[in-house]
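Take a look at this single chain, the form predicted alone, given in structure tokens.
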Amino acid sequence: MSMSANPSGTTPVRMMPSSAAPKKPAAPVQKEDAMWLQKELVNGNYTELANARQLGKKVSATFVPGNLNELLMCFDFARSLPETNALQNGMRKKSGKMIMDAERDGHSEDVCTYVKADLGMMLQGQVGPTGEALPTPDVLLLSYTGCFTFMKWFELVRQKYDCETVMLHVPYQGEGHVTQSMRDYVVKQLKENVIPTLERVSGVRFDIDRLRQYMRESAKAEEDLVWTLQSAKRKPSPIDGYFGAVYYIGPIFTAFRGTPEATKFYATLRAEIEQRIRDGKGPITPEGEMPEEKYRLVVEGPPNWTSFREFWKMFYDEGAVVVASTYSKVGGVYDFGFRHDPDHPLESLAEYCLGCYTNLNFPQRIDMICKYMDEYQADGLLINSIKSCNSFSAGQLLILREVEKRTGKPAAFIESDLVDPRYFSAANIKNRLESYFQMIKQKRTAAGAH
């Protein structure tokens, strides 16, 4: 049995924020030390970007899935990630106006809200999430990994800033595996197109030994990240593998993979989780420590950023812990064995891009979710479908039905958006979650009776 997000089949109503009743102030946010460290890293990167011109640095812009952070560092670029900018603006409640400004500028309501938040930020003078002005990029590096919108996004940015653009075309895993010819094709582009362009724009000569050193750091961080995410196989889980994992994946999926700072972050994180395991404790949430683990879930789809704490609290209130998620793999599927390899640096970059979650076909994604359901002893699957993200959301009902059929576990379907506050209906989502947890309870009761 599955839960439809919309049993009537009608389009969900856009929910405008209500100003009728004042909300009581939220309690102070609770975070692990590693979460605060992650915030310092992110804010530090925005400060570096804001001061890039004074520091004599050129600026790159690239996307999270398949990002070539180690390669970009070889050319001393300050590194901006448009998705992260939109996400951070969403968490800081700034994205709503940016999106409406972009729509007034002619962009459709159906366009990805990450794109509109980014374009709206440009219209507001390119002031970033921390209030510091972000510089115009000198180069746009597009690693195409399964999202066609990325290409259109960078076309619009290029038109706005008239900056250099270089594309790394990554073949889609249509047949469900990576072939040697696919790897060779990506490496050839790196050698003949990407690296020469980055050399020319930056004025820095490529040093493959420098790339190898960054990859050594990447592999250390990746090892600790995988250990952290897989700690959720324990009962109780010491982490939340969806909401909490947002903080865990931030450094490695953005501008810090390959740096000593990232290595330190993941060593700190691992030590904290090891202590939580010794103490038999559950995850830390913004509301405090999870008192009791009642439900274990696998989640497909990104979170909603504009109401992130409110969304997470709905799970906290029910004692629901997400033990695994596909979103925490969108910037790299490390838990299936991939590590950046300093002995084969360019081939390793190709392998990384080819293996991103957004570059997997549906049978691979279904296999992954079913594996998580089994290995993490989950009670069910929850899909958060993102209204404006057609490339990611297409086929999710098929995923839901197939996972239910193969695992015998109940699945549910809710809908929100990335950074558009008009598409987050707290009451609607809360009702569906409560019904879903009731369904899990009933399944347990029925199983116990037999």
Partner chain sequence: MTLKDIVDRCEALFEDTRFGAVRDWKAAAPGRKAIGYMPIYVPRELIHAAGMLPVGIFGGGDQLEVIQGDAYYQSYICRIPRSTLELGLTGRLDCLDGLLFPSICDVIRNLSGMWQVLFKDKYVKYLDLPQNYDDATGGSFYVREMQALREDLARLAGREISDAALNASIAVYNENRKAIRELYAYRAQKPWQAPTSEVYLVLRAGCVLPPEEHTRLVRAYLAAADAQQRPRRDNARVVLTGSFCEQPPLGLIKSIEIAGCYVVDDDFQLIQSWLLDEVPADGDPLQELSKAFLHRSASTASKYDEKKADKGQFLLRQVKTRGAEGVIFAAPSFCDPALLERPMLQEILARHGIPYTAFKYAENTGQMAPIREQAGTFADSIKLWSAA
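Positions refer to the first chain, counted from 1. Every value quoted in this text rests on a predicted model; they were computed, and no experiment measured them.
Keep in mind that the form predicted together with its partner chain is not shown, yet the notes after this line are about it.
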(message) Between 189, 197, 285, 231, only one gets a heavy atom within 4.5 angstroms of its partner chain in the predicted bound form; which residue is that?
(response) 189
(request) Please pick, from 201, 370, 314, 111, the one residue with any non-hydrogen atom lying within 4.5 angstroms of its partner chain in the predicted bound form. (result) 111
(request) Counting only non-hydrogen atoms, choose the one of 336 to 344, 265 to 273, 189 to 197, 81 to 89 that falls within 4.5 Å of its partner chain in the predicted bound form. (result) 189 to 197
(message) Taking its partner chain as it sits in the predicted bound form, is residue 307 near enough to touch it, meaning that at least one heavy atom pair lies within 4.5 angstroms?
(response) no
(message) Considering non-hydrogen atoms and a 4.5 Å limit, does its partner chain approach residue 107 in the predicted bound form?
(response) yes
(message) At 4.5 Å between heavy atoms, is residue 132 in contact with its partner chain in the predicted bound form?
(response) no
(message) Does any part of residue 115 reach within 4.5 Å of its partner chain in the predicted bound form? Heavy atoms only, please.
(response) yes
(request) Could you list the residues in 128 to 151 that come within 4.5 Å of its partner chain in the predicted bound form, counting only heavy atoms and keeping sequence order? (result) 142, 144, 146, 147, 148, 149, 151
